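In structure tokens, one chain follows: the form predicted alone.
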Amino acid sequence: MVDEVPRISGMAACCALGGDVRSVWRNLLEGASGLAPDRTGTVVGAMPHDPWDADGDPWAACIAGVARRAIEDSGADPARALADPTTGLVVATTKGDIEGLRLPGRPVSLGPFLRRVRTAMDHRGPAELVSAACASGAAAIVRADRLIRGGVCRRVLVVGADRLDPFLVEGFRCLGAMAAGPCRPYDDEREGLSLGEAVAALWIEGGPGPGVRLAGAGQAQDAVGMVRPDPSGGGLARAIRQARTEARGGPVGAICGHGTATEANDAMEAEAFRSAFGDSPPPVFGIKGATGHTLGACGTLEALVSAMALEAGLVPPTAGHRAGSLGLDICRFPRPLSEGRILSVNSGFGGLNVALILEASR
């Protein structure tokens, strides 16, 4: 068993805001948005990448490249770290590679997808795949924390990855969940989400040292419907309370919200935050107005952004938000972080809610 709370010591990302964490953070602070019309006119958050139809397995190679950069960010050697049998891998995704349905000979189910990713990065240790809809990335971080604390792994690489494809876009269009223009989280005139794609990787280690630690985590199910959240926010509120209990209380300086910009989800979050914190929840920010909803990657990407906010002592603005009457203090401009903790929350289809409390560690 590991007594020390595991820490995030390396990070890397590729999303609509840029191909590295510095670009992502700089653009986020400037209020920039990576959302733009694709060739069909649909507003999405596309990330910079090599052609997906290139020879070999370009999607797995993209994921492996971001993962290696996260390890390098910690100062470790990626080849040695990934060959170490005490290094775990947890991949979070909603759909893996469903685009492979159009490509003969490329497996699309999640088990083979995990093997493709492991092969691309030459990983030798324990490996798991988490697919819990839009809560996948956050749930994978909780799983990594437990693997380290339980002594199964000395360190775990968490990778959240989902990419855009026509099947995905049309599926959300059929649900009536897509906005006509760029999404507007927590805004009174929000009309739906914008889809995005991302790969985000966190290198999580046990033992002492600088980094950002997972002070507490909570997971709760509400299962009110297949796609709609519980209007009361009960499941998310329970997850937040669990996380705060595990973190032994203490103030939270800001909330990184799920913020899909759908009418039901944003209203549910407001109810959950008031239930968990009272009438004056901490300031809230969201990144999906800049990156799009990156599905299984969003929890990992948002934890990464929260870690960067803790390191910088700044709360980033919420791209796309203008005015809201949900009773939340939505960050529209960068502001100083008042406390050394950030709560990051995610909710997924089927009712899974995950809450993470991250804190700076020197």
Partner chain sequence: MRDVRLAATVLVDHRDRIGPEGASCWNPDGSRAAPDPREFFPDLDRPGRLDLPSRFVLAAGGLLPPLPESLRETTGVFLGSTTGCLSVDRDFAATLALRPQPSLYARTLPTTAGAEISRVLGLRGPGLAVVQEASPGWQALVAGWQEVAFGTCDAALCGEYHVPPPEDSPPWVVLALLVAVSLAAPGRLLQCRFLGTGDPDPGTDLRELVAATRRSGAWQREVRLEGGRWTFSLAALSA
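Positions refer to the first chain, counted from 1. The structure displayed is predicted, hence computed values, not measured ones.
What follows is about the form predicted in complex with its partner chain, which we do not show.
Partner contact region in the model of the complex: 119-127, out of 274-282, 179-187, 119-127, 199-207, criterion any non-hydrogen atom within 4.5 Å of its partner chain. For the three residues 7, 27 and 80, a heavy atom within 4.5 Å of its partner chain turns up in the model of the complex in no case. Heavy atoms of residue 109 reach within 4.5 Å of its partner chain in the model of the complex, making it an interface residue.
Interface residue remark: residue 221 is counted as part of the site for its partner chain in the model of the complex, having a heavy atom within 4.5 Å.
Although the partner is absent from this view, residue 168 contacts its partner chain in the model of the complex, with a non-hydrogen atom inside 4.5 angstroms. Within this chain, residue 350 lines the site of its partner chain in the model of the complex, having a heavy atom no more than 4.5 Å away. Proximity to its partner chain in the model of the complex, defined as a heavy atom within 4.5 Å, holds among 237, 254, 147, 193 only for 147. Along 137-152, residues 139, 142, 143, 146, 147, 149, 150, 151, 152 each place a heavy atom within 4.5 Å of its partner chain in the model of the complex.
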